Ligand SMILES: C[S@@+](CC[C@H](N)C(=O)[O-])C[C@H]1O[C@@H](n2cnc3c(N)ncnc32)[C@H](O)[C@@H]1O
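Next comes just one chain, in structure tokens: the form predicted on its own.
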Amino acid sequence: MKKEDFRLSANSATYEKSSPQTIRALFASIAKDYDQANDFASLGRHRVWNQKLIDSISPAQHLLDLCAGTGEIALGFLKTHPQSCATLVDFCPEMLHVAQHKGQKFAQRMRTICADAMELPFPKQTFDAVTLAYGIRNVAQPQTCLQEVFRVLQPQGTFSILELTRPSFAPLGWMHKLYTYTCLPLFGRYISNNASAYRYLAKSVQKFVAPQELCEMLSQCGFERIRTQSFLFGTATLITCKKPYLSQPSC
């Protein structure tokens, strides 16, 4: 899919999160430039956040990386865990194609699957760790996704979510909103010639639930030991939790 296949008019630069086909087309349109755009947009800080997420994963033989995108999290995990393997799941094949190209030296220890995060094609208790970076806000029904994670995660397995969030301090929140709505589209126009896609991504950050509400969803699904860590005044948040040894999901 070419970049020009996805465009939004200046007056309609938003769409409903419940339209997976549109979101898939969005990510397909920016897949080749996604890593470079992230470097510009976060001034490289996202690499520090990504490493914090990777460090939060308890020793795991098999990692499931949901909304894996271009594979930054899974590939970082495989580099630091030479005895482990990883399954990358994303609903955008163009993103997974980039991940496959980047991870050629890990081909024996990784696999990519194009699938919906709300309907995972795996048996119960398949993985002993799950990660989800910068993707939960784009899932149509986040709680359904969390239920699926609970189902495929082994008892005592860890689940780590990294997401872009809004600072709670009002002045910082205003500056963050100004930055996301003005600078992100500019970066998108400069790097991928697609300001519209980054206009949507900016809105997705501003409109998604606060970390506290996401923690409540995790608790309702049966997860325990839920912890949060904020970065750069709350512009990104890492949430970690575990599946109890004996439990049933409550959501």
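Quick caveat: nothing in here was measured; it's all calculated off a predicted structure. Heads up: residue numbers just count along the shown sequence, starting at 1.
Note that the form predicted in complex with the ligand isn't included here; everything after this is about it.
For the options Ala129, Val149, Leu78, Ala133, the residue carrying a heavy atom within 4.5 angstroms of the ligand in the model of the complex is Ala133. Taking a 4.5 Å heavy atom cutoff to the ligand in the model of the complex, the contact residue among Phe27, Tyr198, Phe223, Trp49 is Phe27. In summary, the region of this chain contacting the ligand in the model of the complex, judged by heavy atoms within 4.5 Å and restricted to 78-86, 103-111, 134-142, 171-179, corresponds to 134-142. The ligand is not shown here, and in the model of the complex it never comes within 4.5 Å of any heavy atom of Ala99. Using a 4.5 angstroms limit between non-hydrogen atoms, Ile161 is distant from the ligand in the model of the complex.
The ligand in the model of the complex is not approached by Leu153, whose heavy atoms all lie more than 4.5 angstroms from it. When contacts are judged by a 4.5 Å heavy atom cut-off, Cys67 counts as touching the ligand in the model of the complex. For the partner-free chain shown, Asp90, Phe91, Cys92, Met95, Ala115, Asp116, Ala117 of 83-122 come within 4.5 angstroms of the ligand in the model of the complex, judged by any non-hydrogen atom.
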